[in-house]
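Just one chain is shown here, as structure tokens, and it is the form predicted alone.
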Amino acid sequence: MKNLFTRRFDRLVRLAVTVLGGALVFGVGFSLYALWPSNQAVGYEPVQPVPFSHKRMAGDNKIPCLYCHDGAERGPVAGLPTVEVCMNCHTYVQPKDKQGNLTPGMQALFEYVDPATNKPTKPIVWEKIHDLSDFAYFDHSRHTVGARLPCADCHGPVETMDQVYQVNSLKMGWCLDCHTKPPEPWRTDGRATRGPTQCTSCHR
């Protein structure tokens, strides 16, 4: 019986199937990698409007996290520093380079300040790094005060970072890994785990 298709056509069909099959395998593999909870947002490092070195401030100068993020022990939101908070120090401390010019960070900060009065002219719109899903409720004070967790448990060694980036995925499995650990010895509330594991604790 005579072949219905030519050998060249058969080769093209095999090539097309191989390419499509490879693309499918690559696409599924890449999707699984990209959507795997531990890979989502880890390493996210946006450029901030004012270059701010946490290594210099929190590491070298030992400025406490709560000086700039003063809501972390008072409620759900840690907060980001306002121009006024920056100028509490930088009205007096204005680092310069070897040529006597303000450093790039100071120049960027002074774009938000009236040079004659050192008063803010507009707010700094910081780029958010650690952003939980809208359906997840997180209260900073319950973790910093109630659970006595250090900031680094979630945010990583910020005091070593010139530019802050996301260290942990902040996904449900990552949170539960911590919540399901045995409770600390100082707890007297009879809790069986380090944190609550009921759905309504985080999803309200």
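Heads up: residue numbers just count along the shown sequence, starting at 1. Nothing here was measured: the structure is a model prediction, and the numbers come from that model.
Quick note: we don't show the form predicted together with a small molecule, though the next part is all about it.
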Quiz item: Are any of the heavy atoms in K128 no more than 4.5 Å from a heavy atom of the small molecule in the predicted complex?
Solution: yes
Quiz prompt | Contact of C86 with the small molecule in the predicted complex (heavy atom, 4.5 Å) | solution = yes
Quiz prompt | Contact test in the predicted complex: N101 vs the small molecule, heavy atoms, 4.5 Å | solution = no
Exercise. Could you confirm whether P81 comes within 4.5 Å of the small molecule in the predicted complex, counting heavy atoms only?
Key: yes
